[in-house]
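A lone chain, given as structure tokens: the form predicted on its own.
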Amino acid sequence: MTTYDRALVWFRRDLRSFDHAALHHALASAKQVFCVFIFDKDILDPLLAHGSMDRRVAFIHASLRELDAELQQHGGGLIVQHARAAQAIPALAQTLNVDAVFCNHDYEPYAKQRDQQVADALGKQQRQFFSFKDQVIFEKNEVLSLAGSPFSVFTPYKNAWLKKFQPSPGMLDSSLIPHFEVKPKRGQLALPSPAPGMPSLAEMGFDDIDLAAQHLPTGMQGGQQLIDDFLPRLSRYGEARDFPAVKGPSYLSVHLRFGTVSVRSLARHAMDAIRSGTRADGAAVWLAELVWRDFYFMILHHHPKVAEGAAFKAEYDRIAWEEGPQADELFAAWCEGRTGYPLVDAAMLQLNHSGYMHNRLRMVTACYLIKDLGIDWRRGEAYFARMLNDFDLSANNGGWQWAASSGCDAQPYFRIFNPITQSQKFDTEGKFIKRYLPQLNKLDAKQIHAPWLAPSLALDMAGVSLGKNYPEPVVQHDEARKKTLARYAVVKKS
């Protein structure tokens, strides 16, 4: 790579100072390196239409303070602006008179369009624009079928993905995953210019949120804290991950979303555990979750129509969804956790309260909205996009299209989750339900999954008054299932 006098590293969803592809390459090729993050108005302004409380913006803000402090330890610092990134980056490059801008790939449609605008503007200034793979292990065309085409089914994709790290059959080699060292020379990281200073959340129109009180650790230290907590639990991940009342997940998804952890480091942890055999079963399941993440990024790259609201399987766009005031009322009941199905309601209350939802419950609530209430999956996708701390367009779309049976490698349309049996299986004692629906605390483990089926005396003794302190079911599952099969008949006939 050409040697440059001055370079600018543009941080986006990679808020860390280690194992960072763009920062590594900038330090390897430039004598002086500036660092910048833009609170992009084109992204933030639409969020403000839903209110000033957004945990994700608060998470980014807190993580940037840590990143800035870390860069200061090496003589530099972080320029932070609240502006339109497509305009701010070329303007800053000109002000600083840098030769090149370095960043890491972002695969979402808006980001790709923005990056092209920035690259074009920099080109007119005779400056270079470099972007690197960083937030995935494999991207775009790096994992293809033997015929050279993109996969649309996960398992063959996963097998091909794993083969890239298997020099011998069944033996994963984590050393094949690159590590991008970040070792600035003395004086190489530049002090922020213009004058340092980070816009406050209030100045950008957002509330300051106590994320620690919501058990959401931020930044690189928060990510490492979660990794240290999770690795001793890795051996039982495969069994524990499906039960929302159990501490089974890694809780790292928001850190992966904003790059306060390195996905390469996580994959190396998983592979080393598999290779050693000490926590192999759980590690293999966890590694598969990381592969799913790559898979959905790959799907978004090859099928950008899914980001525009189109079904991956076009024939599913012929389905007629429930519309009108009654559908709106059902959708509101789902959003607000008052459907009358305790596991669904508890999951939605968890989401609304914390911005987090357990992965098993994402499937349960999505399937309920689509196949019990008959509401267009796009409405649920949009709600999750607004509420989830870890919202990622590709994974969110992939999950919703899986539930709707319209996506790649999706569940068959006739597979319809029963919210009662899901509750009985994955929250058997009702511990998770009771955490978010305390009015049901006195119901026993048999009654709590479907309170309307409990004897009147049992409800009275438990202090549960259906229709008053807990709702009647807004639909009956068996009836809804029949309607769904009829609704999906247009697909069956195609």
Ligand SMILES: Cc1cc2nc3c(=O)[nH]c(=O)nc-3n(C[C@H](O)[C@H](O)[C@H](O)COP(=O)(O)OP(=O)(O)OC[C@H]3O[C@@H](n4cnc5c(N)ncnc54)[C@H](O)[C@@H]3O)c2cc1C
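Don't overthink the numbering: it's just position in the shown sequence, from 1. All values reported here derive from a predicted model rather than from experimental measurement.
Another form, the form predicted in complex with this ligand, is not on view; read the next lines as being about it.
- Within 4.5 Å of this ligand in the predicted bound form, a heavy atom is found for not a single one of W10, F129 and Q188.
- Contact annotation: R293 falls within 4.5 Å of this ligand in the predicted bound form, judged by heavy atom distances.
- Using a 4.5 Å cutoff between non-hydrogen atoms, L330 does not count as a contact of this ligand in the predicted bound form.
- When contacts are judged by a 4.5 Å heavy atom cut-off, Y383 does not count as touching this ligand in the predicted bound form.
- In the predicted bound form, at least one heavy atom of L256 sits within 4.5 Å of this ligand.
- With the partner omitted from this view, the residue of V136, L300, L252, L172 that lies near this ligand in the predicted bound form is L252 [heavy atom within 4.5 Å].
- Just one of Y107, W161, W400, Y316 comes within 4.5 Å of this ligand in the predicted bound form, counting any heavy atom, and that one is W400.
- Contact with this ligand in the predicted bound form, judged as any non-hydrogen atom within 4.5 angstroms, is confined among 92-100, 318-326, 67-75, 356-364 to 356-364.
- Interface residues of 266-289, taken as those with a heavy atom within 4.5 Å of this ligand in the predicted bound form (partner not displayed): W286, E289, in sequence order.
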